Structure formats: C-alpha cells, structure tokens
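Coming up are structure 1 and structure 2: the same protein chain in two forms, each one given alone as structure tokens.
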Structure 1
Amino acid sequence: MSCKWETIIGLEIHLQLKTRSKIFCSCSTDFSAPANTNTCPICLGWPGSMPALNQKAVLLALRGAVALNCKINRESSFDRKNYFYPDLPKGFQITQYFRPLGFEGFFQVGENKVGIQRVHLEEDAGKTIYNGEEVEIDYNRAGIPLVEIVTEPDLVSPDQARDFLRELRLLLLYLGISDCNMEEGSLRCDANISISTGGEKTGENQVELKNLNSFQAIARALEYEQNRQKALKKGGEEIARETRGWDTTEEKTFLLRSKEESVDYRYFPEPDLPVLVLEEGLIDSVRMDLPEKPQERKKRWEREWKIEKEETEVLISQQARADFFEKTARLAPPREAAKWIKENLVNFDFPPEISPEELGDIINRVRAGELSTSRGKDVLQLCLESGKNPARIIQEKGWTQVSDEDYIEKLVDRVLEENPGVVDDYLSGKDKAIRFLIGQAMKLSQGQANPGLVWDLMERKLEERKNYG
C-alpha cells in the first residue's frame, strides 16, 4: 500500500515580556540577580497575598496580539491552572484560559499563512536548579510576565517550523515586547507533531516536544520525531500520545510522560482579578503605533530599491541595522548602501560609530571619483575607530583623489621618462609591465591620483609609442 505521509506541526511559544516589574507585584524582573532577591510575599505566594495586574504587561501582550492579526477580547479574564510543583509558589499558575487576550490571528511567512490560535498573558514559575543531591529553587523568575502564542497546526515540515519561528522572533523583536533570547529562556518553544496519511487536519495522536531551546534544536528534534513516527507507522504500530524531550547530545527525543497520565489542571476563573476590560480606542491606538513589520519592510526594499534578497536578509535581521540602512539609503544610492553595509558593517554592533549621513558621504565621494573604493574603505575604517567624520579624515590624511588631467599627464610623462627599461619591456610585448609604471605614478602622487585616469593615460601613451615608435 502506498500512502502519502503528511507532517502536521503546531508551535507553542512562551515569551518573557520586557517589563521592569513582574506581572502581579512590583518586584524587578531582573532574574539574573542573586537567587531569591527579587521576591516579595506576592510572588512567593505567601498566605494572604493577592495579585495586582501590571498594565504595562497588558500593553505589550496586546501589541503582540494585534501584530499577529488576532481578534481581541475587549473583556478577557484570568484563570487558575492548578498543579503542584516545587517552583510553582501558589500551587497554581495564573493564566488566561477561558477568555484569552487575542484569538484567531495569523502570521504570514513568505507564501505561508500560519494561523494563530491564541495569544494570552500568564505568569512564569520559579526555576528549579538540580545541584547534585540538592534541589534549589530560585523564585526570581516567578511572576515574570509571559505571553503565550499558540499556532494552529499549519506547519508541514521541520524546516518550515524553524523558519516560521525565526520570522516570528524577528517580528517580536521589532515590536520591542521581548528580548527573545532563546539561550536565556526569554523565548521558549514547544511543538506538537503528528503524522497523518492525508485528509485530517491533526493527526489523532499528537506528540508534544518540550523545551526546544534553539532553532537548531527545533528543526532537529522535529526531524527526528517525524522519522520516528513514520517508522512506527510503517511498522503498523500506533503512535502513543505523549510528551517528549530533546536530548541535544544524543540528538534523540525521549519520553517525558504519557498523555494517559496527563494532569487535570482544574481550571477555574481567578477570583482575585476582575475582568480585564480594554478601554475604548486602546486597540486602535496600539494598531496605529505598530512599526512596519520586518517582513513587509524587506519586501519594500526588494521591490522599490531592487536590493538583492541575499542582502535584505542580512540587513533586516537586526532592527538597528535595518534602520541604519534605511536612513543611509535615503542619502546615497540604496543598492550601494546595502552593499557597503553588508560588506563592511555586519560584524559591528548597531548603531555603529558612524552615522548614516557619514556613510552616505563616503559612498557619494567614491561614486564621484573623489576617493577610490579602497580609500573609501580606509576612511570608513578610520571613522569607526576614531569617531571622526569622513571629511575631516580625508583632509587630515590628504586623501583627496586628484582627477586633474594636466597633473596626471605630467605624472605619466615623468614615469615614462624615468623608466625607459620598463617602457621597452612593454613595447616588446610584456603587457604586464604597465602595472609597475602605474604603481610608480601612484607612488609619486602619494596615492592621490585617480587610478582609473592614470591607467587610461598610461596605456594611451604607451600604445602611441608602440604605433609611432
């Protein structure tokens, strides 16, 4: 029997929101502080303490939900997800289960439109540290605001899932709602994967992969899981509903727990927090305030400025770099600007020690023939090192390129006169001898002569001698 295997993948993304204080108390969100120093009765779940919602977290989450084209609940609410775990101080997590902030959105990646099931607010738990025999708990992270983004199972391959997450991360960075640092855990991703033999939208037996902490892990783990499930199906075996982890050293997924023994979270409305009502006009003002999405920006560059895709990918990947490019491209030819930035500035932190105006100035001088390309690069380098502006560097170094034809003719004549042997070599057919003569001319001009003009003139004069001896 031949049948077509279809892979169905959905992602659950947790994002730490960039707020100064936690979601339900005024503790700092700096979880790198010494263990358990950013804590208070509220985030420690002390008896008698109560949550009070941080409005900044609501705004950031709303920004995300709107940017992902979600429908927004004008009245959303908070619920308790009940389970016991040592790093969960209250024995429940406050989340939005019944009425999330955003729902039924989508995110377009290239040709792919991926559905967004929900975007909701919740609180983070503490961190359990296994230290040999000892188990230590750091509650600094408890109560840090999170946004959870759940996609529809619209992704069809591990690579697509990885690319989707990359693009999503870029968008979220542009929105400024999170640091999106996977290593530090400010962006965490879980994935659901199932294999179907066509037709149904979700495979009946999904496997959930937990804590995929890099783009590589996501692609590899999904790849592994896809193959594992296909092999099982081919062998006629059922795929168990289960939660699996990813072993980065063994490059294997492993069983964490079976879904059969899954926890009943006993969700119910959080009585300590009133319904979250968004003011009239807030959603619109958040929408108006959104920056141009990186994906759209990139397309605009390709369309309007004819920038190569290879270059736009590099330029867009950091917002500060993209902004820098955008400004430079309005002062100098965009394609040149793209090339200069890609070739010379990718390894620098943005914004660099040079302004878009200054880089535009260098590019324009090179185009006008005032500087050779390599001199231009030297000027750029010195700008970055010294912070001085290009005009000043050129003046101090005396690097103005000379294109005056009379001056260059005199220079060429002098070189020809002083190097009769080399000239004879050329005349006898050694074309390469011209390079030495040009080098001499450049040296005499202390590098300031326009090399193109020197070359043209030198060649013309030599050819004249050849023909008219």
Structure 2
Amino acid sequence: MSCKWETIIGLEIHLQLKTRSKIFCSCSTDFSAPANTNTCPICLGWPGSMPALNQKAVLLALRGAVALNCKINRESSFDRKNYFYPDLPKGFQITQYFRPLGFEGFFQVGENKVGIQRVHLEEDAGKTIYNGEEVEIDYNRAGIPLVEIVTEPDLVSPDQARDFLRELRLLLLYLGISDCNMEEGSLRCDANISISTGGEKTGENQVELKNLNSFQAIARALEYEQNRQKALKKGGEEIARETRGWDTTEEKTFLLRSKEESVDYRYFPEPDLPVLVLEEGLIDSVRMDLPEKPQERKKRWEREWKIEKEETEVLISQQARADFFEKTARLAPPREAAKWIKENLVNFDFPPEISPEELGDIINRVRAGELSTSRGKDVLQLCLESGKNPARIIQEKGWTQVSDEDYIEKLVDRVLEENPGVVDDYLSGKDKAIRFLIGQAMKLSQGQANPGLVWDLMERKLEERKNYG
C-alpha cells in the first residue's frame, strides 16, 4: 500500500537592514571594506564594552513587521543566545527571543496565505573564510543589523518556498529596508523541512538546511532533501533531527551537526540593553507611510488599465522600472506604455537614458500617425544613445511622418505605373503582391509616408482596377 507523503516547509529569513552603522555600535556596514577594519571593542565583544541600540535599525525592522501584517509588541526586549563559533567574538549573539518586535503576521502570495510566526531584531556574526588549509575570520560582519523573519510551516513544496521568498524579497525591496543582495549575504535563508503521512506530528523529523543564498539553491536543496527523506521513510529508517548544508557542486545536502534545540542556546535577558518601548502613535505612523505593495500594484494595473499579467510581472520586478512605467502610463495609453517598455527597455538599467515624458511623447506620436512604429523605435534607440529628446531627433533626421493624402496618392500612382507586372500578379489573385508595392511606396517616401494611408490607398486603387479593368 503506497503512502501519500506531505512536505512541510518553514523558512527563516535573515535580512541585513539598510543602515550605515552596526546595530549596537557606530562601526560602518560597508561590505567592500578590507577585512577586520570595521570593528571596535563593542562588536568585538571586549569586556566592559556596552551596546547602544541603532534607532534606524528599529524603524526599518518595524516597517517590515507592519508590512507583514504582524501584531507589534510596543514593549519588546533583547536576549542573549549563547553558542561558541570562532566567528562569534562575544560567545553569544544579541537577539530577541522572549518578546520579539512583531508576531502572528501573514504574507499572501497568490492564493497562498503564509503565516509569519515572528519578526525580530538581532546582530550578525562574523564571517569564516576557508582558504585551503587555513581558516580566516573577518569580523566586519559582527554586529551588522539583521531582522529575522520566521514563517509558520505553511509551505508545501520546494517551488512554493522559492516563489514565496522571491515575492517576499520584492516586497522588502519596495519597502526600502534592505538591498536584499543575496550574493553579498544581505538576504540569507534557512529552511526547515519534514515529511509526513498526515498522521505524524509536524516537525518530528525536521531537518534544517542552512544558508541557502539563491532562489535556485532554495528550490534544489529542498527538492533533494524532500526526496532523501521520502527514500529513508520508504526504507523504514528514522530521519534524524539535524542541520545540513547544501553542496552546490554535487547538488546534495550534507550533515553539518545535530540540530540544536532552544534549550541548547541557554537564552536569558540581555542585561546591558533596556526594554525597547515604541512611542505612542509610531506604529500607526509607520503603517501610514508604507508604499503600495507590489502585489497590490499589479492588481491595480490589471484592474484599472487592463495590463496583461505577463507584462505586469516584468514591470513590477524592479521598483525603478515599475515607477517609470507608472509615470509613462499617465502620459500615454497605459497598455501601449507597458508594451513599449517590455519590448524595448526591459534589458536596460532603470531609470534609462530617457524620461517617462520622452517615451510618452514617442508613443503618442506613433498613435497620432506622425511616426511609424518602426521609426518610433529608431527614435527611442537614438534617445537612449545620445540623450537627445525625441523632438530634436525627429527634426534633425527629418523623420516626421507624412499623412497628406494628395502626396501619398501621387506616390501610389507612380508605384502602380512603374510596376505593371506586379500589378498584374495582384489582379490575377496573388494578394501578397501588394506588400511589394507598398514597400516601394515607402521607399520612395524615404519611410516618411503614413503606412496605414499607403496601404488603404494602394488597396483601393488595385481593387478599382480589378473591378473596372
């Protein structure tokens, strides 16, 4: 009898906050600084040094907790998490365990509502660097301000976990609380995964995967671990509660250590920091100051402007691109603005070397028949290359589209007179011959004739010849 296995996944996301100094001292958070230059007695844990809380870190963390629909503790506190690694100079980490900043929130991704168990502040450890047989320690990261976001075990597949983290990262970028640079460690993710037949207690066989630093790594590591646990279960073996790493070369997880329990960390209140008390009205002020969330923005575009979902996904993926589109869509038809950006600007850094006003001008000229679509794209390209505005480029190139019917009629008559063989082909039923004739007319006008008018007049005159010989 086969069993139907259920996958249960919860994430722990560590996010570096966008501050210029560390969470408990004034040392710089500059990622590019030489090793062990951004340190002081406080972040190195010297005896007698006293931490002082970074106010901006608190405000950024609060912004994240409110955006994730968390309940907020107006009085939260800091605690010591005790463990011993070479890159943890104090021998403990200052974090929030007993009374976190935010709790019992949620984040909606599509149809899936994922619970947010807690959002809390903490400091980062240093960085261990393995250099051949030598091990080096860089303490620049020690004391970097982090916010940890812990989800409920509501995710049921590796792909869902990846998509959740991708959407969460986008929200955090829009909030401006972190640069979310996974390559530099600004956003790191641990995942807890277990397999159940539905009758087992969730988390009984929980395995933790540490430091997954890309969306691809998250999906692949969870998929591997899911299959590994299923194979063990089918073979009648117990799954040990353990912490595992992800080998990107071998594409498999490997044992790091047995999984610690909270009791192993011997949490106790941090004696050198007072209770964090939020001022009356601060939470409401932060809530009022939140920007429109990416998912809400996409829905508004689809509802009000009828933008295709495929286009909204592209536009929303960068905040600067989304802002550029929003401004352009108020100056030109939104659906056309979306199409032009998706087709012509998606590979450019935003903001590009053209303003929303200039792109809107090009789109409106094409709509009005002053430029053909292809000529409009030429103008756009030259704007990007030269920095000149569309009006100046069109004037310099002499690219204003001609829509004068008398002028275009003369062009059409000339083309028909000079190409009698092609005209005969059309009259004998070869309808595609009209394309050659139109091309000749556009060539004679040096691309300036309104192609729609050329087509209409050419078709009308050919049909007259067909009907009246």
Partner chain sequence: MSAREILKDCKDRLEERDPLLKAFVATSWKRAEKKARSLDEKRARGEELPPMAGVPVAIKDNIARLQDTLTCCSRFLQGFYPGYSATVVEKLEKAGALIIGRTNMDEMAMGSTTEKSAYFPTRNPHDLGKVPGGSSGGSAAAVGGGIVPLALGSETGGSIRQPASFCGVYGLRATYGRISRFGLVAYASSLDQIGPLAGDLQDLWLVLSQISGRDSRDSTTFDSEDLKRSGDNFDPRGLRIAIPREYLEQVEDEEVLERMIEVVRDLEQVGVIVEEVSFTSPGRALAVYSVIAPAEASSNLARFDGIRFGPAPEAEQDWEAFITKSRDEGFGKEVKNRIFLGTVVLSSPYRKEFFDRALVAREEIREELHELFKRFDLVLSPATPTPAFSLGAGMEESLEKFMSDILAIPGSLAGLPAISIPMGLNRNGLPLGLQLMGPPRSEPFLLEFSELVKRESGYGAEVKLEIDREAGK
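All residue numbers here refer to structure 1's sequence, counted from 1. By rigid core we mean the largest C-alpha set that fits within 1.5 Å across both forms. Treat the numbers as computed from the prediction; the structure is a model and nothing was measured.
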Structure 1 or 2: which one is the form predicted alone? 2
After the core is overlaid between structure 1 and structure 2, has the C-alpha of Glu12 moved by 2 angstroms or more? no
Ile434 C-alpha shift between structure 1 and structure 2 of 2 Å or more, rigid core reference: yes
I need the hinge angle between structure 1 and structure 2, given as the rotation of the smaller rigid body against the larger one from C-alpha superpositions, in whole degrees. 12
With the core held fixed, Leu462 moves its Cα between structure 1 and structure 2 by a number of Å equal to 4.4
